[in-house]
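Next comes just one chain, in structure tokens: the form predicted alone.
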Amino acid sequence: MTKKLKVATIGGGSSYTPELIEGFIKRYDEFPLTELWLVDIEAGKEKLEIVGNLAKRMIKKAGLDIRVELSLDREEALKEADFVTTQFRVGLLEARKKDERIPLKYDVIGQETNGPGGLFKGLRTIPVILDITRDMERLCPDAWLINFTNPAGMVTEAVLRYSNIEKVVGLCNVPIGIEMGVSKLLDVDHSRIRIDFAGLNHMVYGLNVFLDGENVTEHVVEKLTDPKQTSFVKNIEGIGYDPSFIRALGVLTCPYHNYYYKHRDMLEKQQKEADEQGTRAEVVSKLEKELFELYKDDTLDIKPPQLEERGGAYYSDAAVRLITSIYNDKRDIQPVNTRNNGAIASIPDDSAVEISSVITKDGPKPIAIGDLPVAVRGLVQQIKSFERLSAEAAVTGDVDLAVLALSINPLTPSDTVAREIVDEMMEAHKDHLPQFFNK
């Protein structure tokens, strides 16, 4: 008799789900999944059915015996699950539109996971993820929680700090996107590249780059001084850094660093794009409509290539690679969000960091790097403080803490601007922030 292996995906109606399905199909020999439960809320029912039926067609085409269940009942889905993946958006894309539009009125970056947008996505998301962890304690206490929901670092921080769940890993496709970008830059297969990552989610640095075991960091950094090399990730198009800055920094940045190192340029770019073509959320909204029209096609039984434009490139590789490695105790090295445990000297041991880790059946074992280079250390610490205060505000419903968190974020010009933005965004997201209003 086949051993049951069950995965429950919260936010199963996401446009990213075909990426996950493709990953499970590719790695079925290593991870013989028997049950996949795709779960969503009533507002996402139609999308869940559309994407769920595509998932069934993809699995049928692959000739695999995986039972796919579509459900609005989270408790039923979680019962005896081995892995729980989370990929949901509280307030849907409408909330993201507000996160991006409102800050721009105050000449502040409007972005999904950074600055005010990151704060408010965290405030909406953290209470829900903690609810899920409480359900997991009752229904699948031995399951691993693999979180893809943004802001992934802040969410992982909250689970580590405010839940009883120890088996949690946060994941992002940015590091694997950087690896793929470097392999293209060097014109070599991705398998030959290894990068030592350290920092925080969307604030991660590639400290060392290895090709076939040889350190080629200086060579890669020199190649990156070409102003045409602006970004490795499709949904954030950078501006291009000054060659002197890149050479002196001596490490790889991630695309989200553009918002900090090219702050004024990125703000002007965002404001121009918002006026001419809409914010990123508004662009994604159109992309999603097109994707779901494609998904409805009964003859479609593969992940459509258009999905990469959505910003989820390599998501299936990162997600199922991690799950497979935990399941098989592979002890390979992957960049994940996990408890620091002394790996980065200047970050508290109990905080979440994004770092290259050895992946075991007992979870990630972060690889100690000593400390971050002095040029990047302060910014990482500042963002970690922002994440910590944001998570505390989300749990306590303390508006003053939310104002403080935003005030210390380097994308915010002053405490008074922080207060104005918080007031407006609290009102805009009132329906999804009960902890602040139901006191």
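Just count from 1 along the sequence shown to find any residue number. Please read these numbers as outputs of a predicted model, since none were measured by experiment.
Form predicted in complex with another copy of the chain: not shown, discussed below.
When you look in the model of the complex, the only residue of Thr34, Gln381, Thr396, Asn53 with a non-hydrogen atom within 4.5 Å of another copy of the chain is Gln381.
The partner is absent here; in the model of the complex, the one residue of Asp298, Asp189, Glu218, Glu214 having a heavy atom within 4.5 Å of another copy of the chain is Glu214. Across the options 94 to 102, 299 to 307, 77 to 85, 259 to 267, residues that bring heavy atoms within 4.5 Å of another copy of the chain in the model of the complex belong to 259 to 267.
The closest non-hydrogen atom of Lys361 lies within 4.5 Å of another copy of the chain in the model of the complex.
Heavy atoms of Asn341 reach within 4.5 Å of another copy of the chain in the model of the complex, making it an interface residue. Taking the partner from the other structure, another copy of the chain in the model of the complex has no heavy atom within 4.5 Å of any heavy atom of Lys272. Another copy of the chain is not shown here, and in the model of the complex it never comes within 4.5 Å of any heavy atom of Phe148. Looking at another copy of the chain in the model of the complex, residues Asp196, Ile333 and Asp415 each place a heavy atom within 4.5 Å of it.
Taking another copy of the chain as it sits in the model of the complex, the stretch 378 to 408 comes within 4.5 angstroms of it through a non-hydrogen atom at Gly378, Leu379, Gln381, Gln382, Ser385, Arg388, Leu389, Asp400, Leu401, Val403, Leu404, Ser407, Ile408.
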